[in-house]
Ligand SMILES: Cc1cc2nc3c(=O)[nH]c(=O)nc-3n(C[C@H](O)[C@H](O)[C@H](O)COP(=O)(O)OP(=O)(O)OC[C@H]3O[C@@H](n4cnc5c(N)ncnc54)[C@H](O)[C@@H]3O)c2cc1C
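Have a look below at one chain only, the form predicted alone, in structure tokens format.
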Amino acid sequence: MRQRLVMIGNGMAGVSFVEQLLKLNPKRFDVTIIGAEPYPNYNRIMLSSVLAGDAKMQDIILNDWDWYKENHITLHTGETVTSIDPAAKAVLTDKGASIPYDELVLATGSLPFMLPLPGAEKEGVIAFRDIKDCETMIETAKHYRKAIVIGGGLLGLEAASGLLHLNMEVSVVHKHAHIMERQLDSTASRMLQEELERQGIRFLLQQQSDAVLGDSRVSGLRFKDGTEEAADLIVMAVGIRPNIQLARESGIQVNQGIVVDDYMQTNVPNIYAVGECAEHRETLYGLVAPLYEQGAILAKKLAGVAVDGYKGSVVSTKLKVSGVHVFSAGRYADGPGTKALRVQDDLEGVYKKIVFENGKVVGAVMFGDTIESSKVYAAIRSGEDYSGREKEILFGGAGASGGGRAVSEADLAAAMSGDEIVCGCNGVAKETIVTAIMEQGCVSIGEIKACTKASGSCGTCKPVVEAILAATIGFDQVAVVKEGICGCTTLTRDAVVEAIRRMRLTTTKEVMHVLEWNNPEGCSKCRPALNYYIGMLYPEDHEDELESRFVNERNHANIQKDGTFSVVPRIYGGVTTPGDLKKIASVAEKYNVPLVKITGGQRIDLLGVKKEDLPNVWKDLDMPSGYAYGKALRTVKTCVGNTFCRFGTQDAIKMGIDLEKKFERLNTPSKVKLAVSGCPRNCAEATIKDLGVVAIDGGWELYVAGNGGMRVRAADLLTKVKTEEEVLEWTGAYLQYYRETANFGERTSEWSMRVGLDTIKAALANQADRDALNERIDVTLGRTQDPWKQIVENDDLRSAFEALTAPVSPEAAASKESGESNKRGGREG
């Protein structure tokens, strides 16, 4: 006769425990699960992906309704347990049910901690914990603009990133000097902050919240130093507290959490606890991997399988916010008796720190490149002695001699033990993946994901899963499945573009509908791409969709970390005039521009312009937009050429100005920079540009696909021509071919390596083909208009730059009316 197992809680940790129990001994229990939320088990980690539009609610469901039925689990959703009667071995619910048990598992999770601030009860003040919070944020973003996230920890940054993708202006308030100070050292924290600032998130560090402002709805936040920040939405992400009230009221021993022994048993017979609510050896865990480990121990115990007790977990964190890879594990801080191996590359945005104690790895922090994270984590857990060969952990077997190579995913996969966790989000070990390959015939990443959930959440483990698959069945047997341009579709870029062309689809909505997008609203990845592809194919008919543009492109200026913007007017070929310089100086003084800077592209950047001032700044400048914010032609850098230089062989200035005037305002898959050097000395650095022109005796050399950014790449010689007209002709053909064949977001250097230089040369070799490409690019160029001028002359467009948020206090309102808008510490957006 089966025993009755009741579990209170339907979250990730608890259901993972049930899954493992059913695998070990499926016939031992009749299982009943009681969950307060009206949903089946879902992946809470993926809520930020839902916010970002990269996933729908149904995408984050881990176990759908059918799973419960198929496993004969009685599920009570939207129902709360109000009391436990240990003597009678029964639980009572708010719907009047009395459910008996033989074994009871508490998986009640945790509750978000809300700061007890005056005004915290106002509408628009929420936590970020569940689907309801997520829905509130999505709905708020449709009607309001400014959001504050209190808390610069992991959850807060994920919430901020999601809100940013919902097109809100986001400020993160954090009381410490560094974000994620519990997981990152100051170097990694600074690099992460700089990256997130570049994406548009503001940070207000070392600020302590004092009161929520507003009437019935929030209008701002006051800090203890007296300054204020406007807000339409405040998200508190300041931590969680174990949900222990039910246990306490039922006479179960609690401390900070529900106290359990090494077998997850409480002080009351037949009652256990796992997950965030459980306190083991005075330690609480909030990350998912340790919770899965607890569930595995309890599953074996209740299944009657011999098991060593739970000894605690080494905590590791993998964070992926908008493409930022961060890893942290163990004791990463320097201390007495510790030594650290550090690798820091500010140019590539990579930082790694491995901490050793007595030759053993005890902690690590990684930023930008986390490929060795699995190996490092395994080293921490195993306690292996690396004395004398510490560098192997990052540089492989030859690392000790200083000539080692980076560790590949294949090396990592081969070195992993069977029980080592590969997918931390879903608690999938290597042996589970291998079993799925061998016993269920999985031959692709998609099939492994479907069988095991590995790589199904944040996706950072996907390279290792691929390596395990290849090592298990061989590279030749791996099924290569083309992935869609995002999670909303399985269609590739080429398939999408071909469909747009064939069916003449003219809006992003139409594309998503006709091509049966999984997510009818699209996401932050596919919407801008579709908008570009349609505009590239149908320049005469397509109406640019501002809502599908990134924030800088919508505002036609680069947002800075303090919420202000930078303004860069067009200066053709880097050549200006006294008249333009006077206008720029006059504008800088009139609008109190705090910094005027010469850029690397030979232009002038006005930094610190308030958003509401942008239209008037553009009007007073009366100069074209420099497009310093867009996926478009940015600059054409020039040297003085033979106009003044005694080494110059051609007129580089005129060539550069001609190129910039010809191709300004041209939308491209990614930003494009050009340069013209008047002689092979190459003072304009033309050979690290997307297209560089170098003058030679009797003609010009054209170089393509160079890059001077994070991944420096020398350009390749495309061709040599004799006349300036030929330079313009080849440049137009090259840019149009790039526009028509590159993936959205792909720089020319990446595109060239993907398609091959020979392919590009072949596409441009024929005069008729170049003429056709130039004919198409001329159609596009003929439709472009200067966006600054459009906004200055159009009241409707100008209104988008007016402050939507009401002043946060009468004093601020008075300040605004009197034009003294800086009284709030200059933080108005």
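Throughout, we count residues from 1 along the sequence that is shown. As the structure is a prediction and not an experimental result, all values here were calculated from the model.
The form predicted together with this ligand is left out here; the points below concern that form.
The stretch among 349-357, 74-82, 599-607, 514-522 whose residues place heavy atoms within 4.5 Å of this ligand in the predicted bound form is 74-82.
Shown without its partner, this chain lists 284, 287, 394, 742 as candidates; in the predicted bound form, only 287 has a non-hydrogen atom within 4.5 angstroms of this ligand. None of 559, 464, 291, 180 but one reaches within 4.5 angstroms of this ligand in the predicted bound form through a heavy atom, and that residue is 291. Interface residue remark: residue 37 is counted as part of the site for this ligand in the predicted bound form, having a heavy atom within 4.5 Å. Mapping the unseen interface onto this chain, residue 108 counts among the residues with a heavy atom inside 4.5 Å of this ligand in the predicted bound form.
Among heavy atoms of residue 764, none comes within 4.5 Å of this ligand in the predicted bound form. Within this chain, residue 792 is remote from the site of this ligand in the predicted bound form, having no heavy atom within 4.5 Å.
Looking at this ligand in the predicted bound form, residues 493, 536 and 736 place no heavy atom within 4.5 Å of it. If you take 8-28 and check each residue for a heavy atom within 4.5 Å of this ligand in the predicted bound form, you get 8, 9, 10, 11, 12, 13, 14, in sequence order.
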